[in-house]
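The chain that follows stands alone, in the form predicted alone, written as structure tokens.
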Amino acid sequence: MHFSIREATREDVPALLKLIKDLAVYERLLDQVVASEDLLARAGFGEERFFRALLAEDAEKQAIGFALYFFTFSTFLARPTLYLEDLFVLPELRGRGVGKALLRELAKIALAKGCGRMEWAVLNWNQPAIDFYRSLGALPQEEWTTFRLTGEALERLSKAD
């Protein structure tokens, strides 16, 4: 199968949003998607860029996968970390090297930016993804628990004394 990978542009926002919704369906989280083309355009391609994305396309230039990422910072390493927020390949095209190619491009970006590591999260039930990541040499960080603050709790904390 022939495919290519490139940096996403503002013109790719509709394709990115479709793939994000496809990912949400796969993860059984479609009811949580509030992203819109406008929000993605502002956050990823506006004056201040909060994310970047790679887009995988087939020979007909149709979007078949994406990787959305941003940079954090490791205080222990004193170097940036490339954080992969989402990686998705259309289910019918998995196993053809698209996901691995997206991760390879991310690794190149991480090294070019001087990152000390790449990190991402995977749903505990997603055994195919876990197996795939392990096959690449990635290791789970089981001693860490992810916390999330949203909605009312986030508002409450922002106003705390």
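Predicted, not measured: the structure shown is a model, and the values here were computed from it. Numbers for residues come from their place in the sequence shown, where the first is 1.
Not pictured, yet referred to below: the form predicted together with a further copy of the same chain.
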Classify residue 47 as contacting or not contacting a further copy of the same chain in the predicted complex by the rule of any non-hydrogen atom within 4.5 angstroms, answering yes or no.
no
Mark residue 158 yes when one of its heavy atoms lies within 4.5 Å of a heavy atom of a further copy of the same chain in the predicted complex, and no otherwise.
yes
Using 4.5 Å between non-hydrogen atoms, is residue 124 touching a further copy of the same chain in the predicted complex?
yes
Might residue 154 be said to contact a further copy of the same chain in the predicted complex, defining contact as any heavy atom within 4.5 Å?
yes
May I ask you to list the residues of 132-152 that have any heavy atom within 4.5 angstroms of a further copy of the same chain in the predicted complex, in sequence order?
133, 134, 136, 137, 138, 139, 140, 141, 142, 143, 144, 145, 146, 147, 148, 149, 150, 151
